[in-house]
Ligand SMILES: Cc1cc2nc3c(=O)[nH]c(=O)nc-3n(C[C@H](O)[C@H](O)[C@H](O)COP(=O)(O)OP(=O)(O)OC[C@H]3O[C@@H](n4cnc5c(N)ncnc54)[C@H](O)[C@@H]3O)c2cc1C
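Presented as structure tokens, the chain that follows is alone, the form predicted alone.
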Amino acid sequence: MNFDAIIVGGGLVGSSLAASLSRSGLSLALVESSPHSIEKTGWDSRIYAISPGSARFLEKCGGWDKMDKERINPVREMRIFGDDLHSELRFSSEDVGVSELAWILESGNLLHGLEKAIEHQENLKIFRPAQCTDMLWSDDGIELDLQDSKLKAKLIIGADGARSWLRQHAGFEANPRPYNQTGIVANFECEKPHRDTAWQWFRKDGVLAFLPLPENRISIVWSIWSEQAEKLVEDPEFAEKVMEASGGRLGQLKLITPPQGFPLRLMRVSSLVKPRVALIGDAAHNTHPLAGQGVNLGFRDARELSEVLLARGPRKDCGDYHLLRRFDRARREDILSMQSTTDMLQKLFNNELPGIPFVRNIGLRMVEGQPWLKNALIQHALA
């Protein structure tokens, strides 16, 4: 079976690219190893903060309007605290003239919306569940072997996550560096109203974030040393530990999804592209979650690659290396900037060398006192 492009990975980023290319004129294949997602009645532990820029992209793709809107909550204010109990940095949507700084939603809800957007796409054939077994370059394309079929395309796009099969088999040089930290996620009902506010505490043992969900619920992400995390996820008093770490900001917390942990790492690739191959999303980069921007980086990858392919001209080979290099150059600065910033903050707030605690906390207060700098930071987060 011949296609113009094959997308390996049908998660959020891969599905958004497929949806974005629905009117491209390209013949597409989407290869995903897992079966169709199942709509959940309970709350999904995997929660994302979606920037307004990503929301506009998803709306254009057709996935945003197909989500359950009652399970989405806006962020209108962000409050960030240092570990000295005094330093605080606050961002408000009113200060920058927008209605919300971000949207908080469940991974499953968004994936369901994107699947609805692509299920009747005329130029797309979906192979699911399907396992990739081998790939072979030729002069005019790449052959991708699945367990029970062979596909050929001008371009193959890896959107198959942090442990990307495609990245490994296409020979991309990846440089992973573990943080020796675990991100613990869980959802709670709160005693006090969150008022559409996201909270973040930079603590000596890690970073704790509260993300507002509908009906006065929150999702947390607690990035903590892995040795401590192993004990914490099994602690029967986990809710009390979270409440204590947040200074009781939202009162008593009632656990509604069990805590789960995932290892954190920084991962860079030397290039996002090779001849006839491109990487997007977690297959292309991993960042520390303290800024909540990992999935937004992936959506910006999908948006940029889609724009490059749509602008290529009707006779241009979509796997042309010079065309793909245009995508690589366009994404390099944004990815490097986010990875460098989050990596620097992780080092700064997990460092007890003499003088470092003073520097990091006074840094928060200095940013709070510089409206132009706050505005520059928030404008980048809105993209």
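Just so you know, these numbers come straight off a predicted model, no measurement behind them. Position 1 is the first residue in the sequence shown; the rest follow in order.
What comes next is about the form predicted together with the named molecule, which does not appear here.
Residues of just one listed stretch (196 to 204, 91 to 99, 178 to 186, 149 to 157) have heavy atoms within 4.5 Å of the named molecule in the predicted bound form: 178 to 186. Mapping the unseen interface onto this chain, residue 19 falls outside it, with no heavy atom inside 4.5 Å of the named molecule in the predicted bound form. In the predicted bound form, the named molecule sits beyond 4.5 Å of every heavy atom of residue 233.
Although the partner is absent here, residue 292 sits close enough that one of its heavy atoms falls within 4.5 Å of the named molecule in the predicted bound form. Though the partner is left out of this view, residue 221 does reach within 4.5 Å of the named molecule in the predicted bound form, counting heavy atoms only. Among the residues 324, 31, 28, 58, the one placing a heavy atom within 4.5 Å of the named molecule in the predicted bound form is 31. With the partner omitted here, the residue from 141, 82, 108, 161 that has a non-hydrogen atom within 4.5 angstroms of the named molecule in the predicted bound form is 161. In the predicted bound form, the named molecule lies within 4.5 angstroms of at least one heavy atom of each of the following residues of 4 to 29: 8, 9, 10, 11, 12, 13, 14, in sequence order.
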